[in-house]
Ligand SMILES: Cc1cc2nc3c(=O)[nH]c(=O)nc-3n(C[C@H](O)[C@H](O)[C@H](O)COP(=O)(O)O)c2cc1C
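Read the single chain below, which is given as structure tokens and is the form predicted alone.
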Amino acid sequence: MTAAMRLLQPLNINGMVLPNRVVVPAMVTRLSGEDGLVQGDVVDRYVRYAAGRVGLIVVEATAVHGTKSGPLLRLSDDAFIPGHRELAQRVHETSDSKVVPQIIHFMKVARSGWRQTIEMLEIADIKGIIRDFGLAALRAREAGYDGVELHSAHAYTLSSFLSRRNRRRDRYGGHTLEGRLALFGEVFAEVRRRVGKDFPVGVRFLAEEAIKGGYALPEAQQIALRMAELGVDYISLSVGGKFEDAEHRPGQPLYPYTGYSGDRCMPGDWYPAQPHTHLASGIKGYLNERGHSTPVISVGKIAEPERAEALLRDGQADLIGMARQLLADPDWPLKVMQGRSNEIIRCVYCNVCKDLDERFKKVNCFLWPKGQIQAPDDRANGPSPCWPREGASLSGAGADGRIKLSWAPAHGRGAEIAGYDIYRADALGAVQCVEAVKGRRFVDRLALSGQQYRYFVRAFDRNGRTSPPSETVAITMAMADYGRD
């Protein structure tokens, strides 16, 4: 059954043969020092994805220039090549996963809230940006990477030129779509000149800016068409993450994921599953209708194997990107291959990882055992957690708009218990994992009075193995009396 899944089929991208259609998009780790060098913890993070059999691993945003920005990787000088070479080599030694760095140019921001904008750039600055992208891409090839990705999304330089909020009035200006595309076109041409036609060059850009006055799907389709015409080898899509609606916190530089567009970029648990798949589908369909088969990566709270497979089967995407889900469980592809989807540690989209990034702290997952900076190893053949002989003793009650659950501790037979997944369904809905907790209590604050809800709990250990479901409890809160004084 799993062998026939489109999700597990290879894909050839300009000679880079991905073993499957699962992608981990670029996701800042904050594991490097301020010197920008690749070091052991950084290598271990990406090797862990390779061990989980991720098809395409995109290394976190890596600067093409020397401007300081905290713990951020760099490819702005030949001195950075050895560290990247070790990273690529270790990934290749671990599995048949492919790995590319995402290269980025960004502008200056200050703790006062001031930020440099593209209108402040001179033509000489723009020429320098074009040169820096080309040289960084060449270094990526020399380091042994399988390709390179141009970061043209979120709050950063290439994306700001693509934006409808581009206020320049010269040939790179926002008064025409051609002007907005000019810098990307010149950067891509320089990169291609440096690395050759046989080295995959992908791009990540925004399917929707999600800011007032920003572009949405109709213009994103045209931008994608131009990228396909230029010969981009794949298109990875994102949403939002802009400076224009960022909240300034006194004494801190602007962080482009604090406003509404930041919510859209990394939708939390209050958003529905797969809120952005229509955007990837719209762009892929637009390209296909015009004779282009450029692979399109769909992202955004895609976590269930069946749903990911349906997107591919229905022609809505060519690859599936999942950042937070693969952070939570890098063995997601391996478990799908082995028919162990029920053992996947489900991301609950609490966005603790996003908060750590914002505070320049090492990015880890709330669901990992406390103190770890890498996901636990998978132990497919070890014993799974179990409940006591008398069961989980799951119980609960509802009052005052809350349903409170509690249960007995599970036993970790192969490793210590790391937490518990909470599953819920209403009378007519499918069962969904709604939360993960480390203790043995859960309060559901999103229950309606007068409705019956069914709950069960599963324990998971530090290696990702899960217990059988606990017994199920059905709870109905008394209907609210709106007529009381």
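Here the structure is a predicted model, which means the values were calculated and not measured. Just count from 1 along the sequence shown to find any residue number.
Although not depicted, the form predicted in complex with the ligand is the subject of the following passage.
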Give a yes or no for Gly282: in the predicted complex, does one of its heavy atoms lie within 4.5 Å of a heavy atom belonging to the ligand?
no
Asp318: heavy atom within 4.5 Å of the ligand in the predicted complex?
no
Contact flag, Tyr349 vs the ligand in the predicted complex, heavy atom cut 4.5 Å:
yes
Contact label in the predicted complex: Gly300 to the ligand, heavy atom within 4.5 Å
yes
Which of 160-168, 357-365, 331-339, 406-414 lines the interface with the ligand in the predicted complex (heavy atom within 4.5 Å)
357-365
Check each of Val28, Val42, Ala436, Ala63 and return the one that places a heavy atom within 4.5 angstroms of the ligand in the predicted complex.
Val28
Can you work out which of Ala182, Cys265, Ala392, Ala228 has a heavy atom no more than 4.5 Å from the ligand in the predicted complex?
Cys265
Are Arg204, Arg324 and Cys353 jointly within 4.5 Å of the ligand in the predicted complex, each by at least one heavy atom?
yes
Can you name the residues of 223-261 that have a non-hydrogen atom within 4.5 angstroms of the ligand in the predicted complex?
Ser238
